[in-house]
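One chain comes next, on its own, written out as structure tokens in the form predicted on its own.
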């Protein structure tokens, strides 16, 4: 009994210790955003005196900040819809159809995980310029969706293969087409996996810095990661204001992950528990 309590206490202590490594820096950043740059330099660990709320309110009243948030949301949602739609169809074919070269083509998709987007910068830039997609959201959405296909197809294929073949046979015997089975039966059953890949696609798109920086030179299309870099360059000596900007830029991503965390974990474990 005592040994069990000791193990439980040690596990809780470990969780609290690991959590503090995440929470403490976030709290420090939030508090530092209320300081002046002078106070941040002379007393970096003390509480603000006075609390400079204008650091946050000034950013929240800025049209540029909200435009960047809107651009990031629009690009992330569009990327996710395109990625999940294309990947679900491809994963369905790889999981439920037997055709010549299936494993070869699936291996080609899986091999895409080995190549980071930075490798394709030059040909991608030339291709986007030839299609007139520079300074256009599609110039970011389409490549992001393409780079997200491998991991999304792998996750969905693994989940689709856990659906019993007898279920599909019964649906077809009842007059359901292959696409009808996919749309009306398979996709609703795959909601945990679809939620997982959607969360991954949204978070990846939201945090993407290099591709929007490369493609979107027009300030009206800048996303929030690029906006942070631009803001830091503009106010390079006002450290407290830059920290406040970074904190506010993190809030949507943290809030989204807090809401979607259960869906993400549940989707990742669903395939294992079904297997």
Partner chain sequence: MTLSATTDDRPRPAVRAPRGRARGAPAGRRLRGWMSATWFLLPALLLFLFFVLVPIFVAFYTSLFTWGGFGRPEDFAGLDNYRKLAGDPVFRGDLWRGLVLVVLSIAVQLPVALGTAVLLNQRMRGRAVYRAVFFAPYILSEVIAGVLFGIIFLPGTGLADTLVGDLPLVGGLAGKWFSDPSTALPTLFAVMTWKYFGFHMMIYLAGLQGIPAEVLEAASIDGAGPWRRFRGVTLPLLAPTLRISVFLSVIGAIQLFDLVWVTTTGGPTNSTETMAVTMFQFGFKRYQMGYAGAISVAMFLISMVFSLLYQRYALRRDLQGAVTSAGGRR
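What you see is a predicted model; the values in this text were computed from it and never measured. The term rigid core refers to the most C-alpha atoms you can superpose between the two forms while keeping them within 1.5 Å. Residue numbers count along the first chain shown, from 1.
What follows is about the form predicted together with the partner chain, which we do not show.
At a distance threshold of 4.5 angstroms between non-hydrogen atoms, residue 29 is in contact with the partner chain in the model of the complex.
Taking the partner from the other structure, the partner chain in the model of the complex has no heavy atom within 4.5 Å of any heavy atom of residue 188. Shown alone here, residue 60 lies farther than 4.5 Å from the partner chain in the model of the complex, counting heavy atoms only. In the model of the complex, residue 44 approaches the partner chain with a heavy atom inside 4.5 Å.
For the three marked residues, 93, 110 and 126, a heavy atom of each sits within 4.5 Å of the partner chain in the model of the complex. With contact defined as any non-hydrogen atom lying within 4.5 angstroms of the partner chain in the model of the complex, the contacting residues in 100 to 115 are 100, 102, 103, 104, 105, 106, 107, 108, 109, 110, 112, 113, 114, 115, given in sequence order.
With a cut-off of 2 Å and the rigid core superposed, residue 15 has a Cα displacement that reaches or exceeds the cut-off between the shown form and the other one.
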